[in-house]
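There is one chain below, alone, in structure tokens, taken in the form predicted on its own.
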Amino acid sequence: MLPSLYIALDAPDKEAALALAKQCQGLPLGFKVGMELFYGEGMPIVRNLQALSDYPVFVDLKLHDIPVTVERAAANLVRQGVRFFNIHAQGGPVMMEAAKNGAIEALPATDSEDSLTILAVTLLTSLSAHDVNQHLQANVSPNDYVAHLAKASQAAGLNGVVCSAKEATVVRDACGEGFLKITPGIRLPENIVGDQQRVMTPEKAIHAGATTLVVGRPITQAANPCVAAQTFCAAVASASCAAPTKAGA
């Protein structure tokens, strides 16, 4: 089971990442390793972070290539101990199915398929409705675009998607409560600034249907990351207790 909060450790090296993680060790959260950190430090940093948390490290590499390449890449991640990673939904249904097949086949006999969490990235939170229409040439709203990719991801057998909290409700409506909705772009009201276009506060994200929130700079670049992480944990816990059920929303 995943926690309700992951910290995006977009640090330049393992020393910085581990220092941040150790400050937050013991809180009810997990750690996410993205491209910057993984490409600099490789699998050792994932193992180092896994030793600090009871939750699986989220390896956020957004695999996106021809199906056979993604299948082999997913298998290699799993063989090295990764149990939570993502791919890009825009790679298509065959690629998504290949990723899952490669991951399952690489599991040791002692693990079950249930130990895997594979997500599909829908639309980056840095992209706006204008980008969807002009750059991606999709004549639909971000909501419709994300819902389409989420349904394709679910049909491919994946566990959930990475989406903006602004699309969490439409993904829930399209794919059901049990389909994971991992949402970056989470900000407290006072720090909704920066390069992300589709952001939301923790309370609104949980109420919209997000299942796990991803927070980076508001924690990692805070004067006291531990205090900032505690603030987000408290906001998530409060919002989770107050969140309406779909029937009562």
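Each residue number is its position in the shown sequence, starting from 1. Computed from a predicted structure; not experimentally measured.
Here the subject shifts to the form predicted in complex with a small molecule, a form of this protein not shown in this document.
Contact between L124 and the small molecule in the predicted complex is found at the 4.5 Å heavy atom cutoff. A residue is said to contact a partner when one of its heavy atoms sits within 4.5 Å of a partner heavy atom; V215 meets this definition for the small molecule in the predicted complex. A residue is said to contact a partner when one of its heavy atoms sits within 4.5 Å of a partner heavy atom; K62 meets this definition for the small molecule in the predicted complex. Although the partner is absent here, V162 lies within 4.5 Å of the small molecule in the predicted complex, judged by heavy atoms. Stretch 116-124 is the contacting one of 147-155, 116-124, 72-80, 101-109, since its residues have non-hydrogen atoms within 4.5 Å of the small molecule in the predicted complex.
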